[in-house]
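Heads up, the chain shows up twice below as structure tokens, two forms, tagged structure 1 and structure 2.
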Structure 1
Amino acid sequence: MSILIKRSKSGCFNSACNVKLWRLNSTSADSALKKGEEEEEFRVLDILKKRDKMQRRVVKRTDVQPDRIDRMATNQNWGNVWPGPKTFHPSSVPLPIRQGYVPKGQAPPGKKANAELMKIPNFLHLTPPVIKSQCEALKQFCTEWPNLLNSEESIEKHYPLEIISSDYCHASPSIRNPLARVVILRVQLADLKLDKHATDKFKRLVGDRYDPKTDLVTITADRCPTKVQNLDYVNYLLTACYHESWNFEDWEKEKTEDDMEYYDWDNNASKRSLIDWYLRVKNELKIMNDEEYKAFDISQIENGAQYKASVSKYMNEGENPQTVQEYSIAVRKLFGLPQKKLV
């Protein structure tokens, strides 16, 4: 280290200044000059000595307690350890749980200091023994199942209305799932106890929601934001269609056979022709009005019901090999003719 001192006298501005250079040497013994180094250069002062790296000795402590999972008994009651839903705690779970994304070929991170396990909800409290104990505790608040409802047929008989909904549990920022609001109502049309006019009108009101093969009416609602609102909506739709189907408007009395959307065999000339043929065969032909023709019971005519079904199906479904064959069989049975052999 060097100090430069400049001294001058007052009044001697132009006089030469005495300059002295004093050099202070470091007292450190380790800062000796290297060979070949000039004396006029500054030397480096090494204040912090370089210390050799010392290896740390591992001291085994005898006062450290074992981990909690090592102190757990194998026959413990897990419901007391994990009684309810809570954040994952690695020291309380004696299982080698792993979770997390890693490159291919490596094992996922363990449960220690794993933030991925703490992000998601867990169901570690819902083990089979715990669920069984909870069900046993809830039995005192439940009523016994009715003995009469011992089969699916009896349940459908006493409770014909069926409500279908779904609940979802998933890990996302929102606890709501859009599909959880969907409500489906199903009921058989025969359970509604409608007459002929109301049944036909109800089918036209519900449209393609009625399945003629299974006789089920299915109404689905998903326009409301919550499940309860959609449940009220499907009940309202069923109630409105039911009461509207019983209404008989004045203009419906003026409908003729040409205005009908389907073929009604009882109101057409086919029934009159069958009755006249039957009375003529029995030599009891008489003049009848429209009301008498409609009230005539065709069950007394042999094979009359089959003939009615085949004609109605032929007219409503159209001409196809099946309807033509059924009509041919019904006519031959009605007239007592031998059946045609199928090739």
Structure 2
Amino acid sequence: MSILIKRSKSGCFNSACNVKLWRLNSTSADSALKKGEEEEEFRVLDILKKRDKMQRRVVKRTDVQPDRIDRMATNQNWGNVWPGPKTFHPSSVPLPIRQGYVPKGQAPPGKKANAELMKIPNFLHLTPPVIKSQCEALKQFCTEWPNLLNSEESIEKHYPLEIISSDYCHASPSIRNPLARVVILRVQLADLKLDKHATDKFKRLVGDRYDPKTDLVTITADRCPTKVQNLDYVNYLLTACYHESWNFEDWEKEKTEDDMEYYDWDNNASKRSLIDWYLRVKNELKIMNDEEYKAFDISQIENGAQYKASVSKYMNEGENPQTVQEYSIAVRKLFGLPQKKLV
């Protein structure tokens, strides 16, 4: 392409010389040229457009307004300057802020034309006086704190349901945090109105979400993308478990002693053997059926209650030296034997 242009240029130069030469030779032609200029008979095709070259546009510099900060009064109301959350603007913030990569031996970049400062969310709209004034404005819509809710215990009593979720604030382009969607619901099992069967079923339904030490049921939801959805979900779960635990299905009648979640001494062989032993001591041994065994009142047996308690603890708490020791003490009392002497 460039070669083509060069050729045409050299050709043009030749033709121009020719024209001059021709002009010197002929006067008539010269006059005719003048005439043509005046009358403008023909427009000349100016291929190279040498004649009217465009004048370069002179860039007019607009007047730079002085920074707004220079015109700010020292006693102005900052809340009016920065009323809501917005990206950092250097000329509105009268603070000598610096931010960004620090070259060696230099100060960090200043606030003007500083992208770093614009990236991060700021809380310039939430200065303490602004918050105060906003709170003042909101006060008219508030109701008084109930007098009776004056302690943690009373709050827990009247509002047993506890919802725990977290809000996150951090220096990154997005103010969203995936962990903010997690919602935890906590309630004491004792606060739910459940009977013996329902309590057992509820515990089985919630599984390890129930902590027997603190009696707290903790349901955590994080499967939905937003906090509100998760909140709805935990509420749904609690409601569903609660109502399900009140249901009594047909197959629940098939529960045997082995399926029991705790050791009920009255239903177990231990009570039977205690009663048998007691009746043998009194020489009144008789054959009893299950109902009679269950109905037998052990309070007439001396130290029977302690024995019952120790066996129940032995079975429920699991076997350890402590429970075995307690069992030993109870049995010795039952039999009227001397206790183990400590050496």
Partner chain sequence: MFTRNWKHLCRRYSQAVTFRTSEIYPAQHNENQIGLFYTIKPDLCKQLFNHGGLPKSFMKQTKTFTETAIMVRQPALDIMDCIRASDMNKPVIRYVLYGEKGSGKSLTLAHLLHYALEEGYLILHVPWVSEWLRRTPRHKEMTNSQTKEGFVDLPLDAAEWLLHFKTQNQALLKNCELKISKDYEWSKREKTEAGSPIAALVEHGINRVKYACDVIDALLLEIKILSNSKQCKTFVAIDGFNSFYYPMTRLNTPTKKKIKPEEVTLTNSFLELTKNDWNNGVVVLTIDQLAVPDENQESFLPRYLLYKKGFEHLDPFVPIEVGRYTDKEFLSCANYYRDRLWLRGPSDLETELKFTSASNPYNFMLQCAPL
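The term rigid core refers to the maximal set of C-alpha atoms that superpose within 1.5 Å between the two forms. Here the structure is a predicted model, which means the values were calculated and not measured. For numbering, take structure 1's sequence and count from 1.
- Between the two chain copies, the one drawn from the form predicted together with its partner chain is structure 2.
- After superposition on the rigid core, the Cα of T214 moves by less than 2 Å between structures 1 and 2.
- For D259, the Cα coordinates differ by 2 angstroms or more between structures 1 and 2 after the core has been superposed.
- Core-superposed comparison between structures 1 and 2: the CA of Q325 exceeds or equals a 2 Å shift.
- In the rigid-core superposition between structures 1 and 2, residue position I298 carries a C-alpha shift of 6.7 Å.
- Once the core of the two forms is superposed, the Cα of R280 has moved 9.7 Å between structures 1 and 2.
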